[in-house]
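The chain below stands alone and is given as structure tokens, in the form predicted alone.
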């Protein structure tokens, strides 16, 4: 049985993690793979500024850098920003898969131009910059905003009637601008996939489930990332980083620390 660690980019409790785990329903996987979802110990509460980007990179790195020692066969990162991916690949030999670049390249196997959605304008600015940094802007028809501020913990719960029609309208604008494949611009949008797929005349890529299928494929083919672009550190500071984030979790009253304590007590009782 292959074990995959999915890194959730925000500190959250059991309910928040369950909302992320629900992405597994969006893809058919074989019986020989299982997924554990782990939120970061501490991190930004929003993801809109350079401050947030730097914090999230190191938060995701801290949450996953021991995955190989813990017995995992691969890591998935649950954010379209691909935060922490490069750093994790530098210290892990097991595959590290993230949905941002992967979703865009996958979309281009289904069509010639893709569209992306963003919840609001700050996210759109970041998304456009990311597309350009990958050299994929000639293949991006548009990044469309549906103007509902993101809720990274509860996702769309209770807001479906307001949010889904706005998302559909954003997708239709992208189609009008030449998109022949649509990509959900955040893994927090996964609850909209079935609705949009039914109502749009083009394929809709669901980034989180795509990474689960990709990691299953990579493991089956016995592949991992190249060491050429991801060299190992000459001197590692993992212990220092763990200590920093444990303290950060305490200072921020992190729900993840409480969740870890709860899981540790349950594990102790089973013994």
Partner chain sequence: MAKAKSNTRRKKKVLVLVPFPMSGEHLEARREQSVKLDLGPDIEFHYRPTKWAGTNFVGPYDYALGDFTMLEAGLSAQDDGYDAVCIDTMSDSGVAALRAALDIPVIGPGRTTILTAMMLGDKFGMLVMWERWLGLYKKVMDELGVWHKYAGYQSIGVAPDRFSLLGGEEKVIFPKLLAAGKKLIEENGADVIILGSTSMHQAHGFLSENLPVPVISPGPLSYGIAQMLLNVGLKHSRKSYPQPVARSDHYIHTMLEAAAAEAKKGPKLVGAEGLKKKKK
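Positions refer to the first chain, counted from 1. Model, not experiment: these values are computed from the prediction.
Below, we refer to the form predicted in complex with its partner chain, which is not included among the displayed structures.
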Problem - in the predicted bound form, residue 86 touching its partner chain (heavy atom, 4.5 Å) - result: yes
Handout entry: Contact test in the predicted bound form: residue 191 vs its partner chain, heavy atoms, 4.5 Å
Key = no
Problem - 4.5 Å heavy atom contact, residue 259 to its partner chain in the predicted bound form - result: no
Practice task
Answer for residue 156 alone: is it within 4.5 Å of its partner chain in the predicted bound form, judged on heavy atom distances?
Solution key: no
Handout entry: The single option of 172, 199, 166, 132 touching its partner chain in the predicted bound form, heavy atom within 4.5 Å
Key = 132
Handout entry: Among 105-113, 142-150, 88-96, 191-199, the region lying within 4.5 Å of its partner chain in the predicted bound form by heavy atom distance
Key = 88-96
Practice task
Output the sequence-ordered list of residues from 237-251 with at least one heavy atom within 4.5 Å of its partner chain in the predicted bound form.
Solution key: 237, 238, 239, 240, 241, 243, 244, 245, 247, 248, 251
